[in-house]
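Presented as C-alpha coordinates, the chain that follows is alone, the form predicted on its own.
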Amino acid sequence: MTIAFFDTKEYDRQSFEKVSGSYGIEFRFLETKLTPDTASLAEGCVGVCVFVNDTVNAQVIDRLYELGVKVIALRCAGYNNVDVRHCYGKLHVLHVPAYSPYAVAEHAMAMLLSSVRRIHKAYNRTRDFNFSLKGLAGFDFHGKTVGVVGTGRIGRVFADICRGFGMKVLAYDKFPVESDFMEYVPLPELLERSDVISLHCPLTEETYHMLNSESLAATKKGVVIVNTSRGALIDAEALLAAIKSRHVGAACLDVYEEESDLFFEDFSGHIMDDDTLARLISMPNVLVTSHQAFLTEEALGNIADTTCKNIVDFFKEERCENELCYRCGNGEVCRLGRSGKCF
(Lines give C-alpha, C1' and ligand atoms only; values in the text may rest on other atoms or scores of the structure.)
Protein backbone atom coordinates (compact mmCIF):
# COMPACT_ATOMS: atom_id res chain seq x y z
CA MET A 1 0.00 0.00 0.00
CA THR A 2 1.39 3.39 -1.01
CA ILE A 3 0.18 6.42 0.93
CA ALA A 4 0.95 10.04 -0.03
CA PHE A 5 2.14 11.74 3.16
CA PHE A 6 1.61 15.51 2.94
CA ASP A 7 3.18 18.31 5.01
CA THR A 8 6.04 16.10 6.16
CA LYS A 9 8.32 17.28 8.95
CA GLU A 10 11.47 15.48 10.06
CA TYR A 11 9.86 14.24 13.27
CA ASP A 12 6.98 12.83 11.19
CA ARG A 13 9.31 10.90 8.92
CA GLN A 14 11.29 9.49 11.83
CA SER A 15 8.27 8.26 13.78
CA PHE A 16 6.42 6.81 10.77
CA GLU A 17 9.49 5.12 9.27
CA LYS A 18 9.96 3.25 12.56
CA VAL A 19 6.63 1.47 12.24
CA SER A 20 5.56 1.58 8.57
CA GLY A 21 7.56 -1.49 7.54
CA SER A 22 5.90 -3.74 10.09
CA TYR A 23 2.51 -2.73 8.70
CA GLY A 24 3.49 -3.19 5.06
CA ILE A 25 2.87 0.45 4.19
CA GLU A 26 5.04 2.58 1.92
CA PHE A 27 4.74 6.30 2.57
CA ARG A 28 5.51 8.81 -0.17
CA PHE A 29 6.79 11.66 2.01
CA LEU A 30 5.99 15.11 0.58
CA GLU A 31 7.01 18.40 2.18
CA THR A 32 4.20 20.35 0.53
CA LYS A 33 0.78 20.72 2.11
CA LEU A 34 -2.25 19.15 0.49
CA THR A 35 -4.10 21.79 -1.55
CA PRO A 36 -6.07 21.83 -4.81
CA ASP A 37 -2.76 22.52 -6.58
CA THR A 38 -0.88 19.62 -4.98
CA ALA A 39 -3.58 16.93 -4.84
CA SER A 40 -2.28 15.37 -8.07
CA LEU A 41 0.88 14.31 -6.21
CA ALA A 42 -1.25 11.50 -4.75
CA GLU A 43 -1.56 9.81 -8.15
CA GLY A 44 -0.90 6.09 -7.85
CA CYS A 45 -1.59 6.05 -4.10
CA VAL A 46 -4.47 4.30 -2.37
CA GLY A 47 -4.59 6.91 0.37
CA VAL A 48 -3.31 10.21 1.68
CA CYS A 49 -2.04 11.02 5.16
CA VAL A 50 -2.75 14.60 6.25
CA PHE A 51 -2.37 16.93 9.22
CA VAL A 52 -4.24 19.88 10.69
CA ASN A 53 -3.18 22.52 8.16
CA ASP A 54 -3.73 20.48 5.00
CA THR A 55 -6.73 21.55 2.91
CA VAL A 56 -9.26 18.80 2.31
CA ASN A 57 -12.14 20.70 0.75
CA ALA A 58 -14.61 19.63 -1.95
CA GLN A 59 -12.20 20.45 -4.78
CA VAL A 60 -9.39 18.39 -3.23
CA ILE A 61 -11.74 15.52 -2.39
CA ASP A 62 -13.07 15.34 -5.96
CA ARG A 63 -9.54 15.34 -7.37
CA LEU A 64 -8.37 12.59 -5.00
CA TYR A 65 -11.44 10.55 -5.91
CA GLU A 66 -10.62 10.93 -9.62
CA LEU A 67 -7.10 9.63 -8.89
CA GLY A 68 -8.47 6.49 -7.25
CA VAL A 69 -7.61 7.43 -3.68
CA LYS A 70 -9.74 5.45 -1.24
CA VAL A 71 -8.92 6.82 2.18
CA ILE A 72 -7.87 9.98 4.01
CA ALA A 73 -5.82 9.10 7.09
CA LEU A 74 -5.63 12.00 9.50
CA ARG A 75 -2.64 11.83 11.82
CA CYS A 76 -4.47 13.92 14.41
CA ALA A 77 -7.75 13.93 16.32
CA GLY A 78 -9.36 17.05 14.86
CA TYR A 79 -10.99 17.03 11.44
CA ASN A 80 -12.32 20.57 11.00
CA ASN A 81 -10.10 20.99 7.92
CA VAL A 82 -11.88 18.09 6.18
CA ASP A 83 -15.24 18.43 4.42
CA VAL A 84 -16.44 15.12 5.83
CA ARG A 85 -19.90 15.44 4.32
CA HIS A 86 -18.51 15.87 0.82
CA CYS A 87 -16.34 12.80 1.43
CA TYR A 88 -19.37 10.58 1.94
CA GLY A 89 -19.67 8.00 -0.82
CA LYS A 90 -16.22 8.90 -2.17
CA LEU A 91 -13.46 8.80 0.42
CA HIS A 92 -13.32 7.22 3.86
CA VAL A 93 -11.85 9.37 6.63
CA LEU A 94 -9.85 7.88 9.51
CA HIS A 95 -8.42 9.80 12.45
CA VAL A 96 -6.41 9.32 15.65
CA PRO A 97 -8.89 10.10 18.44
CA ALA A 98 -6.35 9.72 21.24
CA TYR A 99 -2.57 9.68 21.14
CA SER A 100 -1.45 11.23 24.41
CA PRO A 101 -3.85 13.40 26.38
CA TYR A 102 -0.99 13.96 28.81
CA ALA A 103 1.14 15.67 26.17
CA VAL A 104 -1.45 18.37 25.41
CA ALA A 105 -2.68 18.79 28.98
CA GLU A 106 0.86 19.07 30.36
CA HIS A 107 1.75 21.65 27.70
CA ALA A 108 -1.30 23.69 28.66
CA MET A 109 -0.17 23.68 32.29
CA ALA A 110 3.43 24.44 31.29
CA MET A 111 2.26 27.52 29.38
CA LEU A 112 0.02 28.58 32.24
CA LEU A 113 2.82 28.26 34.80
CA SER A 114 5.30 30.06 32.56
CA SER A 115 2.88 32.92 31.99
CA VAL A 116 1.59 33.40 35.52
CA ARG A 117 5.02 33.04 37.19
CA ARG A 118 6.78 35.02 34.42
CA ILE A 119 9.27 32.21 33.79
CA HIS A 120 9.89 33.27 30.19
CA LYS A 121 10.66 36.83 31.27
CA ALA A 122 12.96 35.72 34.08
CA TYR A 123 14.83 33.43 31.68
CA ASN A 124 15.52 36.31 29.28
CA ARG A 125 16.56 38.63 32.11
CA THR A 126 19.02 36.32 33.80
CA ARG A 127 20.71 35.55 30.49
CA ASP A 128 21.63 39.24 30.49
CA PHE A 129 22.67 38.96 34.18
CA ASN A 130 19.65 41.03 35.19
CA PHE A 131 18.48 39.58 38.50
CA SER A 132 15.85 42.19 39.30
CA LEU A 133 12.46 40.86 40.41
CA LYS A 134 10.56 43.95 39.32
CA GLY A 135 7.44 43.02 37.35
CA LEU A 136 7.77 39.28 37.96
CA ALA A 137 5.09 38.84 40.63
CA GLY A 138 2.55 36.16 39.80
CA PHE A 139 -0.23 34.54 41.81
CA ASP A 140 -0.84 31.24 43.59
CA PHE A 141 -2.86 28.62 41.74
CA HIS A 142 -3.99 27.14 45.08
CA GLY A 143 -7.53 28.26 45.83
CA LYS A 144 -8.13 29.75 42.38
CA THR A 145 -10.93 28.62 40.08
CA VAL A 146 -10.18 27.10 36.69
CA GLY A 147 -12.84 26.69 34.04
CA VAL A 148 -12.29 23.70 31.74
CA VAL A 149 -14.29 23.91 28.51
CA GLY A 150 -14.50 20.41 27.06
CA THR A 151 -14.00 17.38 29.28
CA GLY A 152 -12.81 14.75 26.86
CA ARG A 153 -9.63 12.86 27.74
CA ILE A 154 -7.38 15.93 27.41
CA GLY A 155 -9.72 18.19 29.35
CA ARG A 156 -10.05 15.65 32.16
CA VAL A 157 -6.27 15.19 32.43
CA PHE A 158 -5.81 18.97 32.56
CA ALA A 159 -8.53 19.26 35.20
CA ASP A 160 -6.79 16.58 37.27
CA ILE A 161 -3.48 18.47 37.04
CA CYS A 162 -5.24 21.62 38.22
CA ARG A 163 -6.76 19.69 41.13
CA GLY A 164 -3.22 18.73 42.11
CA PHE A 165 -2.45 22.44 42.50
CA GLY A 166 -5.42 22.84 44.82
CA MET A 167 -7.60 24.64 42.29
CA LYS A 168 -11.40 24.52 42.21
CA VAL A 169 -12.44 23.03 38.86
CA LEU A 170 -15.52 24.19 36.98
CA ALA A 171 -16.40 22.35 33.77
CA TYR A 172 -18.60 22.77 30.75
CA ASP A 173 -19.38 20.08 28.19
CA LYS A 174 -22.46 19.10 26.21
CA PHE A 175 -21.83 15.53 27.35
CA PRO A 176 -20.75 15.63 31.03
CA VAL A 177 -18.90 12.72 32.61
CA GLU A 178 -19.12 11.58 36.20
CA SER A 179 -16.54 13.29 38.38
CA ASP A 180 -15.98 13.68 42.10
CA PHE A 181 -14.11 16.97 41.74
CA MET A 182 -15.36 18.77 38.60
CA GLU A 183 -18.43 20.95 39.01
CA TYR A 184 -20.39 21.16 35.76
CA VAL A 185 -21.98 24.56 35.18
CA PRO A 186 -23.48 26.41 32.19
CA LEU A 187 -20.89 28.17 30.04
CA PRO A 188 -21.93 31.71 31.04
CA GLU A 189 -21.46 30.79 34.72
CA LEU A 190 -18.05 29.24 33.99
CA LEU A 191 -16.93 32.41 32.21
CA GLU A 192 -18.12 34.59 35.07
CA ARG A 193 -16.54 32.60 37.91
CA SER A 194 -13.20 31.39 36.51
CA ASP A 195 -9.79 32.91 37.18
CA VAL A 196 -8.33 30.72 34.42
CA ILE A 197 -10.22 29.41 31.37
CA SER A 198 -8.72 26.55 29.36
CA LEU A 199 -10.23 25.34 26.07
CA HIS A 200 -10.20 21.62 25.27
CA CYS A 201 -13.11 21.21 22.85
CA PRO A 202 -13.25 20.51 19.09
CA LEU A 203 -13.91 23.22 16.52
CA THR A 204 -17.45 22.99 15.18
CA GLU A 205 -20.02 25.45 13.87
CA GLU A 206 -21.29 25.71 17.44
CA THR A 207 -17.90 26.36 19.07
CA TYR A 208 -16.52 28.71 16.39
CA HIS A 209 -15.52 31.99 18.14
CA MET A 210 -17.02 30.79 21.41
CA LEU A 211 -14.73 33.35 23.00
CA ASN A 212 -15.67 36.60 21.27
CA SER A 213 -16.10 40.21 22.34
CA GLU A 214 -19.36 39.46 24.15
CA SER A 215 -18.25 36.33 25.99
CA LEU A 216 -14.85 37.79 26.88
CA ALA A 217 -16.60 40.82 28.39
CA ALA A 218 -18.51 38.42 30.65
CA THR A 219 -15.31 37.00 32.16
CA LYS A 220 -13.57 38.11 35.33
CA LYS A 221 -11.25 41.08 34.99
CA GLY A 222 -7.72 39.69 34.85
CA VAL A 223 -8.75 36.24 33.61
CA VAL A 224 -6.07 34.06 32.00
CA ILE A 225 -7.06 32.35 28.74
CA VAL A 226 -5.40 29.09 27.63
CA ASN A 227 -6.02 27.49 24.22
CA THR A 228 -4.30 24.28 23.15
CA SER A 229 -7.22 23.04 21.06
CA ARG A 230 -8.16 24.95 17.87
CA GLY A 231 -7.39 28.56 17.08
CA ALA A 232 -10.81 29.54 15.77
CA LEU A 233 -12.41 28.83 19.14
CA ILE A 234 -11.25 32.37 19.91
CA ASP A 235 -11.91 35.53 17.91
CA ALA A 236 -8.33 36.76 17.79
CA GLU A 237 -9.28 40.40 17.19
CA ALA A 238 -11.65 40.33 20.16
CA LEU A 239 -8.97 38.74 22.35
CA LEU A 240 -6.48 41.41 21.32
CA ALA A 241 -8.96 44.15 22.19
CA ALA A 242 -9.68 42.55 25.58
CA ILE A 243 -5.96 42.38 26.35
CA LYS A 244 -5.39 45.98 25.30
CA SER A 245 -8.28 47.12 27.51
CA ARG A 246 -6.65 45.27 30.43
CA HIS A 247 -9.70 43.07 30.90
CA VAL A 248 -7.92 39.82 29.98
CA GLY A 249 -4.89 39.46 32.20
CA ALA A 250 -2.92 37.02 30.04
CA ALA A 251 -3.28 34.57 27.16
CA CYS A 252 -1.46 31.30 26.47
CA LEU A 253 -1.98 30.25 22.87
CA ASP A 254 -0.62 27.10 21.25
CA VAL A 255 -3.02 27.57 18.34
CA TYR A 256 -4.13 30.55 16.29
CA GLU A 257 -7.12 31.21 14.08
CA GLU A 258 -5.09 31.90 10.92
CA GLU A 259 -2.18 29.56 11.63
CA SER A 260 -2.39 27.36 8.52
CA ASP A 261 0.12 29.37 6.47
CA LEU A 262 2.36 30.22 9.41
CA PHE A 263 2.77 27.53 12.04
CA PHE A 264 5.33 24.74 11.56
CA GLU A 265 7.41 27.04 9.32
CA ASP A 266 10.40 29.36 9.91
CA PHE A 267 9.61 33.01 9.16
CA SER A 268 12.32 34.48 11.36
CA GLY A 269 13.89 36.28 8.42
CA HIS A 270 10.63 37.73 7.13
CA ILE A 271 8.26 40.54 8.00
CA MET A 272 5.09 39.20 9.60
CA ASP A 273 2.12 39.95 7.35
CA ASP A 274 -0.45 38.90 9.94
CA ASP A 275 -0.86 42.09 11.98
CA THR A 276 -3.12 40.48 14.59
CA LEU A 277 -0.65 37.72 15.39
CA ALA A 278 2.24 40.19 15.37
CA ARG A 279 0.44 42.40 17.89
CA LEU A 280 -0.49 39.44 20.08
CA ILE A 281 3.11 38.20 20.18
CA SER A 282 4.31 41.72 21.02
CA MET A 283 2.13 41.83 24.14
CA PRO A 284 4.12 41.14 27.33
CA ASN A 285 1.28 39.06 28.78
CA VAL A 286 0.76 36.80 25.75
CA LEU A 287 2.65 33.53 25.35
CA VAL A 288 2.49 31.85 21.93
CA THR A 289 3.81 28.44 20.93
CA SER A 290 3.46 27.02 17.42
CA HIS A 291 0.94 24.19 17.83
CA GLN A 292 3.47 22.03 19.65
CA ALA A 293 1.35 20.72 22.52
CA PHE A 294 1.20 17.26 20.90
CA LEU A 295 4.95 17.10 20.34
CA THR A 296 6.32 14.44 22.68
CA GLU A 297 8.11 11.22 21.82
CA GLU A 298 5.27 9.19 23.25
CA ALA A 299 2.59 11.06 21.30
CA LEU A 300 4.49 10.89 18.01
CA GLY A 301 4.94 7.15 18.40
CA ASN A 302 1.26 6.63 19.23
CA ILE A 303 0.16 8.79 16.29
CA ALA A 304 2.31 6.82 13.83
CA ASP A 305 1.23 3.46 15.21
CA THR A 306 -2.49 4.28 15.28
CA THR A 307 -2.44 5.87 11.82
CA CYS A 308 -0.78 2.80 10.31
CA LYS A 309 -3.15 0.45 12.14
CA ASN A 310 -6.12 2.48 10.87
CA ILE A 311 -4.94 2.07 7.28
CA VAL A 312 -4.29 -1.68 7.61
CA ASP A 313 -7.60 -2.30 9.37
CA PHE A 314 -9.45 -0.43 6.65
CA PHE A 315 -7.91 -2.29 3.72
CA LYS A 316 -7.39 -5.73 5.24
CA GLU A 317 -10.11 -6.03 7.87
CA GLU A 318 -12.74 -4.08 5.89
CA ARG A 319 -13.44 -1.91 8.91
CA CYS A 320 -11.73 0.65 11.14
CA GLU A 321 -12.92 1.63 14.59
CA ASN A 322 -11.52 5.13 14.02
CA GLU A 323 -13.42 5.85 10.82
CA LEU A 324 -15.49 9.03 11.05
CA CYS A 325 -19.14 8.26 10.39
CA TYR A 326 -21.01 10.78 8.27
CA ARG A 327 -24.41 9.22 8.89
CA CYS A 328 -24.19 10.20 12.57
CA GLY A 329 -23.49 13.87 11.95
CA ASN A 330 -20.55 15.96 10.93
CA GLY A 331 -17.86 13.34 11.36
CA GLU A 332 -18.82 11.80 14.67
CA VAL A 333 -17.99 8.27 15.75
CA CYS A 334 -20.71 5.89 14.59
CA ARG A 335 -23.45 5.33 17.17
CA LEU A 336 -25.06 2.58 15.11
CA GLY A 337 -22.56 -0.07 16.11
CA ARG A 338 -21.47 -0.70 12.54
CA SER A 339 -19.34 -3.75 11.87
CA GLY A 340 -18.00 -2.66 8.49
CA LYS A 341 -17.13 0.45 6.54
CA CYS A 342 -19.28 3.53 6.69
CA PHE A 343 -20.41 3.10 3.06
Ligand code: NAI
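Nothing here was measured: the structure is a model prediction, and the numbers come from that model. From 1 onward, residues are counted along the sequence shown.
There is another form of the same protein, the form predicted together with the named molecule; it is not shown, and what comes next is about it.
Note on contacts: among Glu206, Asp180, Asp266, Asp128, the single residue with a heavy atom within 4.5 Å of the named molecule in the predicted complex is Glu206. Contact with the named molecule in the predicted complex, judged by any heavy atom within 4.5 Å, is made by just one of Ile154, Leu191, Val93, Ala251: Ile154. Using a 4.5 angstroms limit between non-hydrogen atoms, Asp83 is distant from the named molecule in the predicted complex. Within 4.5 Å of some heavy atom of the named molecule in the predicted complex lies at least one heavy atom of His291. Residue contact check for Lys221: none of its heavy atoms lie within 4.5 Å of the named molecule in the predicted complex.
Using a 4.5 angstroms limit between non-hydrogen atoms, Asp173 touches the named molecule in the predicted complex.
Considering the named molecule in the predicted complex, the lone stretch of 128 to 136, 226 to 234, 161 to 169, 240 to 248 in range is 226 to 234 [heavy atom distance within 4.5 Å]. Contacts of stretch 79 to 109 with the named molecule in the predicted complex, defined by any heavy atom lying within 4.5 Å, are made by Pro97, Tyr99, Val104, listed in sequence order.
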